[in-house]
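For reference, the chain that follows is the form predicted alone, supplied as structure tokens.
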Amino acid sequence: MLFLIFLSSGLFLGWSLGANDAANIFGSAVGSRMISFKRAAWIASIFVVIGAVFQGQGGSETLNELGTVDALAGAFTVSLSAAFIVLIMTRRSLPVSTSQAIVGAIVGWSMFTGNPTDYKVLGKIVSTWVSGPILGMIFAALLFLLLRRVLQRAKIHIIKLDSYIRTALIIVGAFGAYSLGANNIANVMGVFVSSAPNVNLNFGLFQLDGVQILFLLGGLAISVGIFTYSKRVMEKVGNGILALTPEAAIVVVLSQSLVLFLFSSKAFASLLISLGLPPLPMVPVSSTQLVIGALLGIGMVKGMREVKITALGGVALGWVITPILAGTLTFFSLFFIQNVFGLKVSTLEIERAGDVITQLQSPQITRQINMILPGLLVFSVGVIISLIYMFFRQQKLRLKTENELLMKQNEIFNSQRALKDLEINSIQAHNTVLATQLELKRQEYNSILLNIKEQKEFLENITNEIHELIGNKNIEKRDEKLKELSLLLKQRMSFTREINDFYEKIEETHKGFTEKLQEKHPDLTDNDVRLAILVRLGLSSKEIATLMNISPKSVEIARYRFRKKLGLKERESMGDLLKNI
């Protein structure tokens, strides 16, 4: 089981790749909101594993040419250092490449152990860090122009176009995941190939050797990384550099998938050789760099003003420092592993000790290798159970989040409905008050009209009787009749009913005032209360005399008597006292 312990760093690196590089497969699709993250994660996970198992050995051979990490402790340290650097970059939301991290770590191992570094192979790998994004840029620009031309001529209905684009994103994404697994699995398990178990698993339709078993485990680790940590990087790639339309998302995924496939396909390399052309190297290519190149290609077609240069600068900085940090961390980690734990990080030193042959031929080692098969099966079952658990856990969390959102929306709806009910009740109450006021005004106007009509009829009668008296020679009868008419006019001029109506309205308006006044001075008469109201309104004695149908002198006498009842001194103002009650 010691092999599985050392292999854990490779699985950690696979998790890091799933969290970072694998996000590039569906990052643009998820960023454009055409595919949900959950569906993208499942498709990517399945096809990454298939590509890793059945087409993943080409890139690992090139890494072994760069530097064959021939000891498990060394492979463990190299893989762990690369994974740690990728994790740091991922937490900073920088879409860096595991290809750069593992290459830097291998160079750091070679420098520490004194093993030779094949600089020709290193140059070939580094050249792909430049040529890969350029190819992605060219493919993306051409495919984007072609797709735009096709859509302009096809004139597809927007609903059908949306369905076609979603289907295309799924198909292209599956191809991209397969290509990623085929090309980048070497970054995850390439350093362990020389220590792969000598076993074969027969599944009937196909067989898996020891290297393919390693790649299977690496692919599963990538899948776990996709599900657990890749969403944030997907959003960074999908929207951080260039805002993508769904059509552009298809182009991005297809462009980087084609480049990944070409750099991992032995069949394509053989085809180029048969045509007399130089083959493309079987090199792990940075999927992150390919996506960035594709985004730049689309940005060049659409106009570079849409490209977010600030975000691009941060990504480029991550590309530069990733291999340097990985190599430096590996160098110091190897020193720690070798001197603190006493583990051999290279067979070169074991050979110097003269015991490498014994270790390789030891029956105990053979038994350990024979124990790998059940261990792998148990580990695979554990990974599957973990994936199932995480799936249902995410489903539970999603349902919980949706229920909380629905509850909040329901609370907001109920609050809004209650507020609307209050507004409706308030409006209805206001309308009732307005209707009551309108009815009172109508009655008041009717009363005024009736009063005008009555006054008019009275005056018309008086006028008719005066006309009858004109020319009457019976002076006594005429004078008697005129006296009657004069008396009627004086009675009418008293306006008793109107004044009574006026007092009723005034007293109703000043009801609180009259109650307080009578509480303080219970001996006041009704005329005193009316006088108090008129004084409080600021009316003059002459105006009060008219309303009370008395002479102004009588008003002065009434005021004098009222001051005594109130207990006012000579210089105290009766009006001010009444206003403060």
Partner chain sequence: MNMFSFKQANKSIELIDNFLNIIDQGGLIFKEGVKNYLHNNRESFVDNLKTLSKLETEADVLKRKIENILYTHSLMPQLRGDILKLIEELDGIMNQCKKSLFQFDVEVPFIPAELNQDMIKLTEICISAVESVIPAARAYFKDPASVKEKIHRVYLYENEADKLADAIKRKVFQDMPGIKRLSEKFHLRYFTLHIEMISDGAQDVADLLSVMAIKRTL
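These numbers were taken from a predicted model, which means no experiment stands behind them. Residue numbers count along the first chain shown, from 1.
Separately, the form predicted in complex with its partner chain exists; it is not shown, and the next lines address it.
Though the partner is left out of this view, Ile452 does not reach within 4.5 Å of its partner chain in the predicted complex, counting heavy atoms only. Contact annotation: Leu531 falls outside 4.5 Å of its partner chain in the predicted complex, judged by heavy atom distances. Contact between Asp421 and its partner chain in the predicted complex is not found at the 4.5 Å heavy atom cutoff. Contact annotation: Gln518 falls outside 4.5 Å of its partner chain in the predicted complex, judged by heavy atom distances. Here is the short version: of Ala41, Val53, Met34, Leu63, the single residue with a heavy atom within 4.5 Å of its partner chain in the predicted complex is Met34. Tyr164 is the sole member of Phe336, Phe502, Phe458, Tyr164 with a non-hydrogen atom lying within 4.5 angstroms of its partner chain in the predicted complex. Heavy atoms of no residue among Asp526, Arg563 and Lys565 are located within 4.5 Å of its partner chain in the predicted complex.
Of the candidate stretches 245 to 253, 209 to 217, 413 to 421, 125 to 133, only 245 to 253 has residues with heavy atoms within 4.5 Å of its partner chain in the predicted complex. Residues of 115 to 151 that come within 4.5 Å of its partner chain in the predicted complex, judged by any heavy atom, are Phe144, Arg148, Leu151 in sequence order.
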